[in-house]
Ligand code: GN1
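Let's start with one chain on its own, the form predicted alone, as structure tokens.
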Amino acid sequence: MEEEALFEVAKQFQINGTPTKVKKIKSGHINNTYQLDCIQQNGNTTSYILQKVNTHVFPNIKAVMDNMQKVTQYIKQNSSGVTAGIINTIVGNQPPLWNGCWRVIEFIPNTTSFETTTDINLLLEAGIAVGKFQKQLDGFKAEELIETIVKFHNTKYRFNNFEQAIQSKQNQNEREKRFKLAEKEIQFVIERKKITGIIIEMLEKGKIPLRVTHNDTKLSNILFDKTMKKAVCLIDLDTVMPGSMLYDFGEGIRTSCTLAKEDEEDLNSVIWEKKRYEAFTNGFLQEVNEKITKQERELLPQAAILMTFENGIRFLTDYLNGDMYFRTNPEISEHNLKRAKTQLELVRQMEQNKTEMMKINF
């Protein structure tokens, strides 16, 4: 959209000042996101996040917004924590959306985020941020939230989708080619079917507590103070839902335990690093130590393996289905297969180091 059109969208919300500048934020893969700068009468600048929500990925946008409002308001009122709140529309729409998909969110100044880092202290801070999110919402009843993406971290469900992809008869010629290229990865996943139900079955049986979970705790979803490099808060709360603390820990480890890119082409560069795991885990446990149960603590290494395995399954399933879900780069051959290979290689290495991971937890 042109700048003036984006300004007109922004004016539908209770922003402070007159829009003067807008720039696209390219790091997200789902929503269209912009930083909006507004000039106040006193000459100061106030910034906001202006977003067009992808309602294909989030068809129940009302539930998404309700969850976000409840969680951000609870954090502000009960823990004095920093979080990016939602700005109301000028006519008071509930949820606060314009045209069914546009929203404005508070911009937290003097912060930055990282796709990856070699700074181990940043990983400690990342673990603190994820643990603090759990700590801040410990008193919130997770049952009050709506499951906006059904079975999002249900690894059994993801495995069932994978099995359906194997059995599908559509586009048989293309599928045969893809199956041959992914033969090793398919077998790797099949051999681990028995681990897919570990967390979801513990939740269903009440052996671990249902908690509020962010569900997408990758490093780039954590804001850090630009000066001190201390963690400030988690952002991108679209996937906040009821779930397990283990989901947030596992997702955080998945994206923090290696310097390799998610679509790394050289698997020799995909290296699980104990020091990275240890830093994130120590930060996380620093915050949740009084709240985490014995069963949850024992399952932390398995959660790291399982969340990584789940993402590998999802990339592999999408590859077998013809790249229907994840956006791929046409310049990267077999992009989703490369993503799957990277995730499954991390799974293999974490399985080998599970005993060391367990020692760090206690």
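Think of the rigid core as the biggest set of C-alphas that the two forms share within 1.5 Å after superposition. As the structure is a computational prediction, the values presented were derived from the model and not from experiment. Position 1 is the first residue in the sequence shown; the rest follow in order.
Just so you know, the form predicted in complex with the named molecule exists too; it's not on screen, but the next bit is about it.
*When you measure heavy atoms, are 248, 263 and 309 every one within 4.5 angstroms of the named molecule in the model of the complex?*
Checked in the model of the complex: no contact with the named molecule for any of the three.
*Counting non-hydrogen atoms within 4.5 angstroms of the named molecule in the model of the complex, say which of 258, 134, 239, 196 makes the cut.*
Only one listed residue qualifies here, and that residue is 239.
*Check each of 291, 156, 218, 230 and return the one that places a heavy atom within 4.5 angstroms of the named molecule in the model of the complex.*
Going through each option in turn, the one that passes is 218.
*Mind telling me which stretch in 56-64, 329-337, 294-302, 34-42 gets its heavy atoms within 4.5 Å of the named molecule in the model of the complex?*
Partner-contacting stretch among the options: 56-64.
_Can you tell me whether residue 149 touches the named molecule? I mean in the model of the complex, with a 4.5 angstroms heavy atom cut-off._
Yes, residue 149 is a contact residue.
*Close approach of residue 315 to the named molecule in the model of the complex, 4.5 Å, heavy atom*: Taking the distances in the model of the complex, the answer for residue 315 is yes, it comes within 4.5 Å of the named molecule.
_Given a superposition on the rigid core, I'd like a yes or no on whether residue 147 shifts its C-alpha by 2 Å or more between this form and the one not shown._
Comparing the forms between this form and the one not shown, which are aligned on their rigid core, residue 147 does not shift its C-alpha by 2 Å or more.
*For residue 106, decide whether the Cα shift between this form and the one not shown is 2 Å or greater, given a superposition on the rigid core.*
The answer is no; the displacement is under 2 Å.
*Core-aligned C-alpha movement of residue 225 between this form and the one not shown reaching 2 Å*: No, shifts by less than 2 Å.
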